[in-house]
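We begin with a single chain expressed as structure tokens, specifically the form predicted on its own.
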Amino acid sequence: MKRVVILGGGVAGTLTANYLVPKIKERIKNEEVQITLISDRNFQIYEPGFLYMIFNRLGEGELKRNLGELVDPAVQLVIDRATKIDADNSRVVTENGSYDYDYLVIATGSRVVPEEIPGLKEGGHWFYNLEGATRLREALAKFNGGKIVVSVMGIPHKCPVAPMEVTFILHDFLRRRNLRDKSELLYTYPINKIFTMDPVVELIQPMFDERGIQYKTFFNPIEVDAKNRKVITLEGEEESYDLLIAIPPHKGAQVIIDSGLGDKGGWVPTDKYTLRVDGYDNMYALGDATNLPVSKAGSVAHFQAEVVAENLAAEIEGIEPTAMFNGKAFCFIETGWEEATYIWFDYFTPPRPVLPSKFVHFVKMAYNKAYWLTARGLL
């Protein structure tokens, strides 16, 4: 029997499993192949929903589903924490056991590490995990005016456009509560422009100007003075705030670091086309876990899962795998309470944002509801 182990129960791992099953259904039925998905939690969270949860537009219950409802019944689901990948012996070790594999799919995602900026945990908020989004929702509900700083504190991070989105929505949130005239909005970014892609900058920067949203570039926080509410930067600046919304530094999963499979940030070195892990013929990596120069976004994981599932099925059938990932990404960009634009791009095609509209926003809101069909591999 051939054993496929998928490590991670987020969108990348779940979709890979659900796309793979129908391709090798007969072999699973005949017990020639076993697919095992290992996740450290028994539920999945729709993380893009945090952007709406902090403004009370989506509830926590709408963002969570039991993994057992999402994963194909033909997949063996194991809820356990992986502690090491023993690549030499093709084995995943967990807190409660071990799992040998013929093929391993690494879909371990990324995590925020606010502790890497001294003072941030005490003096800042974020919305990149459930705990942070819950705290920020409470802080926004109590906010009565002042200076809000939205600060990107490291690249790469999940959902690259989300900091711009939250800034736009904050502008309208404050207007709707008659607080915009009593408030300042400052957006900061670590490099010499407000986003990494010039076509996006050309659309977004004038929209910031029209709304009176201030911005600073080459702004790299190294410390937060929680007592005096100041952000201190590598460039020697000090920026005061009343409410700090940070995008904390991100890292790869601890199991990747502990297994010696990642680079300095814990990202798995991965071939940008085949999605094989560098140096390992029986390992694939996808989603946020990789070191690829693509967005750490759900849509990327979605497109990569199609490639990994197709190549794994080919290998199991004894066929040379030929599917290639072309860098495809698709992102909605909310530009206000009720308007949005979108971008798509790949390794060969730059993004060309369209003008924001209510229609695109409502498509995005509809997708928020429909996401669970995607996770099941149906959409």
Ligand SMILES: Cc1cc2nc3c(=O)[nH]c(=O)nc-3n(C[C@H](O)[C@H](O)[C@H](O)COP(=O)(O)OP(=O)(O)OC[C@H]3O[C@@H](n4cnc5c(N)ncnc54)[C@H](O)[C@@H]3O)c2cc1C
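We number the residues from 1 along the sequence you see. Computed from a predicted model, the values in this text were never measured in an experiment.
Keep in mind that the form predicted together with the named molecule is not shown, yet the notes after this line are about it.
- At least one heavy atom of Ala12 is located within 4.5 Å of the named molecule in the predicted bound form.
- Heavy atoms of Ser110 reach within 4.5 Å of the named molecule in the predicted bound form, making it an interface residue.
- Although the partner is absent here, Lys364 lies within 4.5 Å of the named molecule in the predicted bound form, judged by heavy atoms.
- Contact annotation for Phe50: at least one heavy atom lies within 4.5 Å of the named molecule in the predicted bound form.
- Interface residue among Ile38, Ala340, Ile35, Leu312 relative to the named molecule in the predicted bound form, by the heavy atom within 4.5 Å criterion: Ile38.
- When the named molecule is considered in the predicted bound form, only one residue from Asp263, Glu131, Asp225, Asp80 comes within 4.5 Å through any heavy atom, namely Asp80.
- Relative to the named molecule in the predicted bound form, residues Leu7, Ala162 and Ser299 are all within 4.5 Å by at least one heavy atom.
- Of the candidate stretches 146-154, 185-193, 117-125, 251-259, only 251-259 has residues with heavy atoms within 4.5 Å of the named molecule in the predicted bound form.
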